[in-house]
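Next up: a single chain in C-alpha cells, the form predicted alone.
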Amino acid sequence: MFRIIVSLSLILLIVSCAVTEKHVTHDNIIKDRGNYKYAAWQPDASTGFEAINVLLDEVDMLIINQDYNAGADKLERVLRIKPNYAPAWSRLSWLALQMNSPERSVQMAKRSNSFAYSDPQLQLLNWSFIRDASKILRDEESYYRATQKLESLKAF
C-alpha cells in the first residue's frame, strides 16, 4: 500500500512539473525572492550582508532538493557571519526535524526565538517546530506549553 501511495505521489509530482513548466533554479529563487518554505524565512533586506542572502538562497535550493545535510552546513556558514540571525536558527530547527533529530530541533527553535523577540511570525513558526518535536519525543508537558504559546502568539 505504501509503495502505491509513493508511486502515485511521484507520478503527480512529475505531471505537475510538466504542466506548470516552471523549473526551480537558483536564478528563479534569486529573482522571485518568494520561493521560501515559510514567509518568516524571507531574507531581511536590512541584514547588511548580501553574502547571507546568497547563502540563504542556496540553502533554500538545497531544501527543495532535500539535501538537508548540505543545507545545514550552509546555515552554519550564515551563523558564522551573523550568529544572532534568527531565521537561520529557525531553518536549522526545521532541518533537524526533517533529519529525525527532534531534540536538536527544540534547541535550534529556542535559539531562534531568543533572537526573534520582535518577530511574532517567526516565533509562531519556531513554536510549531517545538510542538512537533515534543510530539515526536512524547513530551506532553512541552507539547502543551508549545500549544499554549502558539495560541497566545496568534493573537498578534
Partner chain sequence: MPSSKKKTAPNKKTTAKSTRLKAGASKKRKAKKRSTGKRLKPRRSSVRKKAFFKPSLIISLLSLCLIFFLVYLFILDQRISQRFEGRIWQLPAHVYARPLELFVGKSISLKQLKFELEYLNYQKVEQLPQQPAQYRYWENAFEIKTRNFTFWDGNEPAHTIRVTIENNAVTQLIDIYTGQNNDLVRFDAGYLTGIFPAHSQDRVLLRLDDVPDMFIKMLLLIEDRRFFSHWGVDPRAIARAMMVNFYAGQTVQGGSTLTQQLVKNLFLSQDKKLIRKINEALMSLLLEFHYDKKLILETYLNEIYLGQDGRRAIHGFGLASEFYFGKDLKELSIDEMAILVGMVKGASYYNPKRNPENAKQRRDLVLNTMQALGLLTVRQSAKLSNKPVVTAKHAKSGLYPAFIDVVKLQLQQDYQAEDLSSEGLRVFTTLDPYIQFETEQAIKNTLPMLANNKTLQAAAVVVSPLNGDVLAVVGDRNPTFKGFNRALNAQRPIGSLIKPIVYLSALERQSDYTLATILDDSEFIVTQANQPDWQPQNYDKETRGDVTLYEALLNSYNIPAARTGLDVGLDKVVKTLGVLGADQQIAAYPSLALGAVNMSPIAVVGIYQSLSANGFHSPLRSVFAVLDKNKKPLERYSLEVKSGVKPEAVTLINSALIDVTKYGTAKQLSKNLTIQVAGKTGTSDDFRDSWFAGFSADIVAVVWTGYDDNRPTSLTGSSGAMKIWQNMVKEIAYKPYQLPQSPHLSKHWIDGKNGLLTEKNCKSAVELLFVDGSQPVQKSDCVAGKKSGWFFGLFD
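Residue numbers count along the first chain shown, from 1. Just so you know, these numbers come straight off a predicted model, no measurement behind them.
The form predicted in complex with its partner chain is left out here; the points below concern that form.
Chemist: Is its partner chain close enough to 66, 124 and 130 in the model of the complex that each of the three has a heavy atom within 4.5 Å of it?
Modeler: Result no, not one residue of the spot touches its partner chain.
Chemist: Taking the shortest heavy atom distance, is residue 59 within 4.5 Å of its partner chain in the model of the complex?
Modeler: So residue 59 does not count as contacting its partner chain.
Chemist: State yes or no: in the model of the complex, is some non-hydrogen atom of residue 89 no more than 4.5 angstroms from a non-hydrogen atom of its partner chain?
Modeler: Flag for residue 89 set to yes.
Chemist: If you check in the model of the complex, is residue 114 within 4.5 Å of its partner chain, heavy atoms only?
Modeler: Residue 114: contacts its partner chain in the model of the complex.
Chemist: Under a 4.5 Å heavy atom criterion, is residue 49 part of the interface with its partner chain in the model of the complex?
Modeler: Yes, contact at 4.5 Å.
Chemist: If we check its partner chain in the model of the complex, which of the residues in 64-100 reach within 4.5 angstroms of it by a non-hydrogen atom?
Modeler: Residues within 4.5 Å: 69, 72, 73, 74, 76, 77, 79, 80, 81, 83, 89, 92.
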